[in-house]
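Single chain ahead, written as structure tokens, the form predicted on its own.
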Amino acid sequence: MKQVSIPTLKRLPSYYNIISTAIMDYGEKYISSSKIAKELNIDDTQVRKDIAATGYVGKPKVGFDTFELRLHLEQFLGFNELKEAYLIGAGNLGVALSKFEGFRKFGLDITAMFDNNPEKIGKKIKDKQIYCISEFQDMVRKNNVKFVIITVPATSVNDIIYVVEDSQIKAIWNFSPVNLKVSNDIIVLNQDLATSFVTLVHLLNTN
């Protein structure tokens, strides 16, 4: 896949959602960079640069072909390639994430959950079995899983990281309240919910 900057990569799914809405709700065949920019309150030049970075260019005075661009972004972002992922931590957040069907739209399929609580092991959340964490490494190896989502509390993070580092996992989406640091080449994306909430409250109070 062509390399783009992280800020550009973070904006592309928003473009995809706007284009999809333009097609499904309004039947629009073309959409301009200025319309996309207005939806996100950013400069239209940025929109054109971001989309051009993926290898797609619109038509002068016409804009972007909505169907072509949606398909292009699906392929570029890997939405058409369903990626199997495991989730560690069958608490409230982990259960909520495992139930969210919207992930499949973006190519993510959570197929199994792991926990160390004997009362949870063996149960199912929809069609997802909860396994003992001791089975994690063998199942990763057997099914060639590369992605893991972590939703465990801070007190359990260190023990979990040792298990993940010794597996074949290549990427971690971390929802635990700890900024993860790993000792090998595993890619880590820390999702700090508390920081997002504090930022929202601050903006609300200063508005």
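Keep in mind it's a predicted model, so treat the numbers as computed, not measured. When you see a residue number, it is the position in the sequence shown, counting from 1.
In what follows, reference is made to the form predicted in complex with a further copy of the same chain, a form of this protein that is not presented.
Listed residues 171, 42, 57, 182 were compared with a further copy of the same chain in the predicted complex; 171 is the one with a heavy atom within 4.5 Å. Looking at residue 121, you'd find every heavy atom of it more than 4.5 angstroms from a further copy of the same chain in the predicted complex. Heavy atoms of residue 30 never reach within 4.5 Å of a further copy of the same chain in the predicted complex, leaving it off the interface.
The closest heavy atom approach of residue 128 to a further copy of the same chain in the predicted complex falls outside 4.5 Å.
With a 4.5 Å cutoff on heavy atoms, residue 72 does not count as touching a further copy of the same chain in the predicted complex; it lies far away. Residues from 68-84 that approach a further copy of the same chain in the predicted complex with a non-hydrogen atom closer than or equal to 4.5 Å are 77, 79, 83, in the order they occur in the chain.
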